[in-house]
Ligand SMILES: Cc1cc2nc3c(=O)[nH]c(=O)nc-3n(C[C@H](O)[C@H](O)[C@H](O)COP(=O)(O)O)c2cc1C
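A single chain comes next, written as structure tokens; it is the form predicted on its own.
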């Protein structure tokens, strides 16, 4: 049976253990540029087998929240290079999560105050975050416009350029495509947000087209062994839903199987919420089996509400990696704490989004507390 603290691989990425730090939005990158605090934050957590950065916009159009980082400008790439160098100096591995929020945005965050883009002009019944005078405020998302078919190759190009720059310039060990949580690629996948009648709407094959085009293009650019993807079959996050998710995601993973990806990252249940959703049942074991039967060899990463006991059970049941989210906010040395069964610091909910060092880089390690 795989053990949580033993070395393993995810594609071409060698990992010191099977503990993954999940992406965690922290809203501490003014002008979309990571800061010196960002470098410290990730360096402190480098004992994880793999760090996945907070969601990082592939373009200005892809921004959806104030003070989240980007990957489309020289200043951003230079800042991320400081982060990757620091993590590598600690012996860690780090990938960047490539993000386009689609309709989950606000006109104040878009180029020239334009409308956010989406598969269809359906406003998401959710909130985004605007930060003014250092104070984060939740506001309704703006009405989006539907992307024209001729714009979609440009979206694919933006993802691909971001992936190539992430690896070649910023020094990341790979990338994770954010295809989850109601953002652009997930919006195209699901019936509740995609009402298109062209080649990108209607059938499962059409709704999955953009996600697969993005993934194949990135694999061509940097290799499958440096490419992961995140999926969330049934989460209601950001007002997203699908009428029949099991066949949809079975099709998706079967198509991904031939791309020799580093890993598939699955959010089980509602993101940050219950692992089981009664009105949205889903068979995750069947999904993994479909991927393996189609020849998929990438590491299978599970996520949502995991503790040590659940992680061990998941590895015994066939998972390869276990992602931990919020515990990493307040426990920079979470791996060591898991190894000895705690104690665990409590997260200050008031400092999760926005601000400075408080609640970001000032949580104590076990050594500092003794």
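Fair warning: this is a prediction, and the values are worked out from it, not measured in the lab. Residue numbers count along the first chain shown, from 1.
What follows is about the form predicted in complex with the ligand, which we do not show.
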With the cut-off set at 4.5 Å between non-hydrogen atoms, does residue 97 touch the ligand in the model of the complex?
yes
Wondering, does residue 360 line up within 4.5 Å of the ligand in the model of the complex on heavy atoms?
no
Does residue 63 reach the ligand in the model of the complex if we count a contact as any heavy atom within 4.5 Å?
no
If we define contact as a non-hydrogen atom of the residue within 4.5 angstroms of the partner, is residue 25 a contact of the ligand in the model of the complex?
yes
Heavy atom within 4.5 Å of the ligand in the model of the complex: which of 154, 272, 73, 202 fits that? Just give me the one.
272
Contact with the ligand in the model of the complex, heavy atom within 4.5 Å, among 46, 329, 319, 335 goes to 329
Interface segment, criterion being heavy atoms within 4.5 Å of the ligand in the model of the complex, picked from 30-38, 337-345, 48-56, 309-317
48-56
Any residue of 345-360 that, in the model of the complex, places a heavy atom within 4.5 Å of the ligand
352, 353
